[in-house]
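Shown below, as structure tokens, is a lone chain in the form predicted alone; questions about how it binds or moves come after it.
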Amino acid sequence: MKTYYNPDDLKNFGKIGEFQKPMADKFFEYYGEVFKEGALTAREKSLIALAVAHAIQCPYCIDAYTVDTMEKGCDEEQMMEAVHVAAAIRGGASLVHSTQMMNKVKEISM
């Protein structure tokens, strides 16, 4: 099956520094620091990353963090619940902007 995204590209993520090594090095240093154990466990961070991956609709991130969350002991129910949290926040963010439309309708109707 052909897709717009090439799943093999995920394997090449580490090569993004080919055209701009200093910036890539800074990114990977930051990325590694973010995902270290801290106030949140690595497992919790992975679930957050999976949810965000769905919210921003990144197929590479979805693949990577599906694997990562499973490797960190998450089950399908936990993963899907994280995705639903992202969907609820994304949907709510769209809906809350309807207040702007409602205000405009009321302004025009007066």
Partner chain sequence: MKSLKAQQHPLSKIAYELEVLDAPVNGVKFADKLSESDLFPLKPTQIDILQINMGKMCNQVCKHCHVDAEPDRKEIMTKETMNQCLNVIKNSTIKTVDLTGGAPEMNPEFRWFIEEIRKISEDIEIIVRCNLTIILANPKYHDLPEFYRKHRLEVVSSLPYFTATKTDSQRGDGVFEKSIKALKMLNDAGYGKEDSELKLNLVYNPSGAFLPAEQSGLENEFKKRLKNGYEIEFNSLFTITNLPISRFLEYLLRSENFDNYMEKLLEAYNPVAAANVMCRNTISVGWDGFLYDCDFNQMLELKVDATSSQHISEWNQKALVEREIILKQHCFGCTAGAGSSCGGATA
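Numbering follows the first chain given and starts at 1. Please read all numbers here as calculations on a predicted model, not as lab measurements.
The discussion below concerns the form predicted together with its partner chain, not included here.
Proximity of Ala49 to its partner chain in the predicted complex: non-hydrogen atoms within 4.5 Å are absent; the residue sits far from the partner. Of the heavy atoms in Val67, some are within 4.5 Å of its partner chain in the predicted complex. In the predicted complex, its partner chain stays beyond 4.5 Å of every heavy atom belonging to Glu33. His97 falls outside the set of residues with a heavy atom inside 4.5 Å of its partner chain in the predicted complex. The partner is not shown here, but in the predicted complex the stretch 67-96 reaches within 4.5 angstroms of its partner chain through a heavy atom at Val67, Met70, Glu71, Lys72, Gly73, Cys74, Asp75, Glu76, Gln78.
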